[in-house]
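A lone chain, given as structure tokens: the form predicted alone.
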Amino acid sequence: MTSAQLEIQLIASLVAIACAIPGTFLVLRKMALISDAISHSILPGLVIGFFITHDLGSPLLIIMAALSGVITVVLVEFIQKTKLVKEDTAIGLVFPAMFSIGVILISKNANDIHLDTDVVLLGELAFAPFDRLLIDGMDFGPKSLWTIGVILLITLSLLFAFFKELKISTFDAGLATALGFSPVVLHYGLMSVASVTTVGAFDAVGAILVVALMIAPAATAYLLTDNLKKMLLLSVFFGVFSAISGYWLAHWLDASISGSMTTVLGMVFLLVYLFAPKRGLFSVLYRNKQQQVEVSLLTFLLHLNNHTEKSERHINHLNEHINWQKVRSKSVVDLALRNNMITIDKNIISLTEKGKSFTDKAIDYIITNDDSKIESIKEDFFLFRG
């Protein structure tokens, strides 16, 4: 492995970590689209910063771009609070307008300068190791590494300093206000961090990968845990894993590095989306199917509990009177037998003591909706869970 390859992977990993932190809170706040809006609407800030400094590497560009991102958020929220349009519509109105302003500024004032939309919006990791930080002739490594490293340190410092406040304001803004926190200040602070991170990563990885690294790892982690700290750690893990795996996929395919990393992010999300233990598609489908069977079981037990005459408890009665097909009847009867809730004698079905006890508790729960009535059997049946 050459030093350039190592530097590319290190830059990509740091970008993944820096993006995962604000991305987690954006996903939890249901503001994932705002990352895409910020990634485009900061263009006028970058252009104005360049016009002031005439230096694409100036820190003022990051400050102006962050300000542009915050202005975008303010405009989106202002339009949304009018209640005339929803948030996604407001985002769709604001960021194209901001982006267009930046494009017009470039086309009218920077035609004779090495500044165009490709330079501003498209980064290429393969070139990052060649843009070195030189001080008094000493090589301190790629500029992108230092830029994103400083941003990551600032982001981590803010996270550790305001973790409790961010957590409370994210899940309960009213409680945050009651405790003396300002959800508005925290909100715009988060948007500022997202804007600065986006700008800092532009030159290295490009706009598309920045948005992907900010949202995909957090969305993937969200499917696996309800714990905020675990979600942050999982987001970082998925981001770094996808960055490194994507690099080697690009190396093997001789393809775009950013494109390969984004592809790996998509593949990882798809796998978790399908196979996550609790929120995966297959798990949800299985639980839904199980719930349908268990609702049928409860219906069956209630029927037996309400009828003492043998004609009503004959096994064929399920098909004739409850109007169940034979396959459904068999699955329900088998489930009841496996749980020792019924006995069958000469095709006559009777409730066992366990079945009678379960049915009585189920009736109490249905009537009162009191969890304590069903606590002893909640874990045995999906029907009474969460």
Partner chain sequence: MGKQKFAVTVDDLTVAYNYKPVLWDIDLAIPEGVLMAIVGPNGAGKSTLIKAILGIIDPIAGSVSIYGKPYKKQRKLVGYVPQKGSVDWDFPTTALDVVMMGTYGSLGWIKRPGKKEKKTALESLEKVGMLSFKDRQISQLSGGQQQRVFLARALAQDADIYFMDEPFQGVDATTEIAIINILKELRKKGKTVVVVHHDLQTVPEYFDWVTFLNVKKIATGPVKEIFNDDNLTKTYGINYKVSVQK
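Residue numbers count along the first chain shown, from 1. Keep in mind that what you see is a predicted model, and the values were worked out from it rather than measured.
The next section is about a form of this same protein that is not shown, the form predicted in complex with the partner chain.
- Checking 356 to 364, 22 to 30, 39 to 47, 66 to 74 against the partner chain in the predicted bound form, the stretch whose residues place heavy atoms within 4.5 Å of it is 22 to 30.
- Contact with the partner chain in the predicted bound form, judged by any heavy atom within 4.5 Å, is made by just one of T89, N288, S182, S107: S182.
- This chain appears without its partner; in the predicted bound form, the one residue of W248, F171, F78, F282 with a heavy atom within 4.5 Å of the partner chain is F171.
- Within this chain, A216 is remote from the site of the partner chain in the predicted bound form, having no heavy atom within 4.5 Å.
- Put simply, F160 is close to the partner chain in the predicted bound form: some heavy atom of it is within 4.5 Å.
- Although the partner is absent here, M98 is not a contact residue: none of its heavy atoms lies within 4.5 angstroms of the partner chain in the predicted bound form.
- The partner chain in the predicted bound form comes within 4.5 Å of a heavy atom belonging to T177.
- Annotation for 213 to 231: interface residues with the partner chain in the predicted bound form are Y222, T225, D226, N227, L228, M231 [heavy atom within 4.5 Å].
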